[in-house]
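In structure tokens, one chain follows: the form predicted on its own.
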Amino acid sequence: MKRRNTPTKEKVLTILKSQDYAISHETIADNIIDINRATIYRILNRFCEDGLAHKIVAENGKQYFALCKTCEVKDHHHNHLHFQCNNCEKVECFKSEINISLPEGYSVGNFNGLLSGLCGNCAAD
């Protein structure tokens, strides 16, 4: 579905494009002070519905959003692992696709795998 482009959507999209990793709704809202947090959340969820971004739910329930840089809308998938650093809290997407074998008759619609530990930068410190 074609959605109307608005200055608010452009601001949110610009912030997502500027990041190489997933960021939280709060981080986006902190960078766009003049826009209602609920509006930002609606925009992020529409980006996910439209295949522009995907959502990662951390162990504490906090949601992070990452721009889909390699997916095509017609072949949109997110069956990959995510990693959250316990120290700096950065959430990253791992590029490798995960294949899950399910019993006959089942099909996967979405996969949200999250690993946690120390990222390369924090582990080196």
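Numbers follow the displayed sequence, beginning with 1. Values in this document were obtained by computation on a predicted structure and should not be read as measured data.
Omitted here: the form predicted in complex with a further copy of the same chain. The next part is about that form.
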| property | result |
| --- | --- |
| Partner contact for Ala38 in the predicted bound form: a further copy of the same chain, 4.5 angstroms, heavy atom | no |
| Proximity of Glu59 to a further copy of the same chain in the predicted bound form, heavy atoms at 4.5 Å | yes |
| Phe47 within 4.5 Å of a further copy of the same chain in the predicted bound form, heavy atoms | no |
| Interface membership of Ile33, a further copy of the same chain in the predicted bound form, 4.5 Å heavy atom rule | no |
| Contacts with a further copy of the same chain in the predicted bound form - residues in 89-109 whose heavy atoms fall within 4.5 Å | Glu92, Phe94, Ile98, Ile100, Leu102, Pro103, Gly105, Tyr106, Ser107, Val108, Gly109 |
